[in-house]
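Given as structure tokens, the chain that follows is alone and in the form predicted alone.
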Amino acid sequence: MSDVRVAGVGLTPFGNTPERTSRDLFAEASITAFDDSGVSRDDVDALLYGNFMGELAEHQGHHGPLMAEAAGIQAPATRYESACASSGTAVRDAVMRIRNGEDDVVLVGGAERMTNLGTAGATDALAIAADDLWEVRAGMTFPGAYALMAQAYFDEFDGEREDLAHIAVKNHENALNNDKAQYQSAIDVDDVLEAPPVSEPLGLYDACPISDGAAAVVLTSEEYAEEHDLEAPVAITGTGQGGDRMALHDREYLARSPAAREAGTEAYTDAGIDAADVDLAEVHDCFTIAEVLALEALDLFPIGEGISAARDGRTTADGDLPVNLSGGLKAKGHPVGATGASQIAEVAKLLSGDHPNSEFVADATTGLAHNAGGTVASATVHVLEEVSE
């Protein structure tokens, strides 16, 4: 099997740009990724593209060929939909295609246009990632679902809102230097605790924003990178995917994420590492409690201890295990179809020293990207490692 190299990455700024279409956003991200990679568009074997709500936000299906045209390539193109894990799933399949020798160069990424729907419209559109029969029709939204998960965690493992507040503060701090982040502003614990409630015990600053944006990553085989003398010092060495029951009431646990655990275990085994080898992580913090559940599911912290990790300074930029140095979904933003690929881009830049926050992880060699769909009914995990040229 061929090693998979990250040859180039491209991100648009994440934010509130309702006038921009997803094809416009993905075109920008793709241009940046190709410029960064040094790879010719003529060499692309396939486009794998993540998008969740295109039909609802833009009355547009059949995104694959549309985005291939936007990226300026002539190649088979496929759209992936797995809620907020759409482009994480696309990345996983891109890795497998290169490994098995089917492709040498794959453009993988995603985009989402959300703010044109407004808050109510975007919330309603996002809700279709839950079980329509048993959750959506009963009025369940994702703030409500994650509030249930947070309360279940507090009931089982203790913890309090202030613990979650430290996660929000940390991720906003990390976003200050990230020019792609939606929120480049600092907040403090009091700001979080005094913010309007969204769904108890979660408040406004516990939730990620509604975002527009795109991400693109050029992946190549090791052989292609060597043949074309590419600067591609980061490889995707591990990939995993997990699943869980859709509706919360059908699950054994509310305060744990079996899908993420399954994906993480598979990715660690695939890469030949364990959780202790991870130097930095980008995890899916659509709500502050989601970061806690991810850290524990991925064995980065023992069950019941992830809640205090930010408060104790263990996951801050200068902590033992920096988490979400990009700002995470919480502050960088969450254009859902783009998020998984954007996490890959952020980790690759952090490991290669090209990220505004690379100084905090100058000695890091191993990073992890965790992307989740819905209330983690879907999850992908990827291990990225710095490799010698």
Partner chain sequence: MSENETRDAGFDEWLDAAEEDEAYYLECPNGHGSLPPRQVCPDCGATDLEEVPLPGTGEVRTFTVTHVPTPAFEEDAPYATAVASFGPVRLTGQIAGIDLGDVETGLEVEIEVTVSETTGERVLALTPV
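Since this is a predicted model, take the numbers as computed values, not measurements. Residue numbers count along the first chain shown, from 1.
Same protein, other form: the form predicted in complex with its partner chain, not shown, and the subject of what follows.
- Proximity of P197 to its partner chain in the predicted bound form falls within the 4.5 Å heavy atom cutoff.
- Contact check for P302: every heavy atom lies farther than 4.5 Å from its partner chain in the predicted bound form.
- Shown alone here, A120 lies within 4.5 Å of its partner chain in the predicted bound form, counting heavy atoms only.
- When contacts are judged by a 4.5 Å heavy atom cut-off, A276 does not count as touching its partner chain in the predicted bound form.
- Only one of A77, V189, L148, I73 comes within 4.5 Å of its partner chain in the predicted bound form through a heavy atom, and that residue is L148.
- The contact residue chosen from D250, E226, D158, E162 relative to its partner chain in the predicted bound form is D250, the criterion being a non-hydrogen atom within 4.5 angstroms.
- Contact with its partner chain in the predicted bound form holds for all three of D124, A127 and L254, each having a heavy atom within 4.5 Å.
- Partner proximity in the predicted bound form, defined as non-hydrogen atoms within 4.5 angstroms of its partner chain, places exactly one of 136-144, 175-183, 279-287, 79-87 at the interface: 136-144.
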